[in-house]
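Have a look below at one chain only, the form predicted on its own, in structure tokens format.
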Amino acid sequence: MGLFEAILLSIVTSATPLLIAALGELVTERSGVLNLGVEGMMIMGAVSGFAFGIMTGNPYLGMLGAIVTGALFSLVFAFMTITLVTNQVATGLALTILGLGVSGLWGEAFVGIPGVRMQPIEIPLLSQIPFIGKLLFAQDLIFYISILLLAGVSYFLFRSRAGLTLRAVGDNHVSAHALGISVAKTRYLAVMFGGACSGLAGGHLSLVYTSQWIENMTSGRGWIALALVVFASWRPTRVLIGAYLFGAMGILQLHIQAQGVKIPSQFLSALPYIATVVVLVIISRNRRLTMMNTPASLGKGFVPDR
């Protein structure tokens, strides 16, 4: 039971940044913007969270620094794609490359330096419940934020007027503009929210997951978060399921290696990404399922008639 509980705790920690980054990207894509720069924003959040945590000695200020850095970094993408109407796919890829390069340069001074770790918050009495106490009620602040984000995004998208406006922009930006909705403003805010979530996800890696800075420490998690949005058919609750499934894949391959199972370690390390490709292939075979919730204006630039 102790080993099983430890595995579950590791899965929760591994899945949290995937859940946060995917929720941010889901809101961005619901507005009609496809941002492939999640990996770049996550790595910038990781290095800035670590840097601010080291400089202030406070992991919570490091977390705020990661959020702000992710949001500011996303503005580069927003300006290029929304104001200058550049190609969203190419700009997103460029943002990832830029983030990986800048983070490597900025983080060079922090390599090998012990960081500050965000300690778990134990809820009295509830954290003493056998088995589920440590799992649900003795986690770090970012875990609790991820659950609140899930509930908040679900409510915002499907039960609020602002969420209806955002989905209207994503489904048909021409009609939304004709009704007097500011397409550019809506998309700027959605992109910044996605950037803030990606930054927070990156901050989780350097403030909770490892408590140190390692170049390229996101290791493709941003791409998995992008795949999770498609896997979830743009529905927030399904993102939760997908994030924990992929988080479990990453943790289980580590435990399989630790048990000495004679499977090439390279294959086990690639397993979460192989699973991502397989899931996307399966989903793409069902065109009706793929198109059911896909924002109709996703990836399309908008230039208002003058």
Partner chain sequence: MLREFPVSIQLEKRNVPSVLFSAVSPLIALALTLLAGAVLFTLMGHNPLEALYFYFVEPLTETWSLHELVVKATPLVLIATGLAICFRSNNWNIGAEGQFIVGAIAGAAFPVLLPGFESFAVLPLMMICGMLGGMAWAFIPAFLKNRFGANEILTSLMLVYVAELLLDWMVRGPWRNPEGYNFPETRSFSGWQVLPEMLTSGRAHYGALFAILGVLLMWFMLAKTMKGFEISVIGQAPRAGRFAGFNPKATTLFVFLVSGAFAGLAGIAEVSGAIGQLRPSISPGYGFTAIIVAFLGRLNPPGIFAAGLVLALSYLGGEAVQVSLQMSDKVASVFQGMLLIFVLGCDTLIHHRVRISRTGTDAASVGEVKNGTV
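Positions refer to the first chain, counted from 1. Here the structure is a predicted model, which means the values were calculated and not measured.
What follows is about the form predicted in complex with its partner chain, which we do not show.
Site annotation in the model of the complex: the residue of Leu164, Leu136, Ile121, Val89 reaching within 4.5 Å of its partner chain with a heavy atom is Val89.
A single residue from the set Ile224, Leu200, Ala190, Val169 has any heavy atom within 4.5 angstroms of its partner chain in the model of the complex; that residue is Ile224. In the model of the complex, its partner chain sits within 4.5 Å of a heavy atom of Gly101. The shortest heavy atom separation between Ala151 and its partner chain in the model of the complex exceeds 4.5 Å. By the criterion of a heavy atom within 4.5 Å, Leu125 is excluded from the residues contacting its partner chain in the model of the complex. A residue is said to contact a partner when one of its heavy atoms sits within 4.5 Å of a partner heavy atom; Leu105 meets this definition for its partner chain in the model of the complex. Stretch-level contact analysis of 155 to 163, 203 to 211, 136 to 144, 80 to 88 against its partner chain in the model of the complex, using heavy atoms and a 4.5 Å limit, identifies 80 to 88. Shown without its partner, the chain has Leu36, Glu39 in segment 26 to 55 as residues with a non-hydrogen atom within 4.5 angstroms of its partner chain in the model of the complex.
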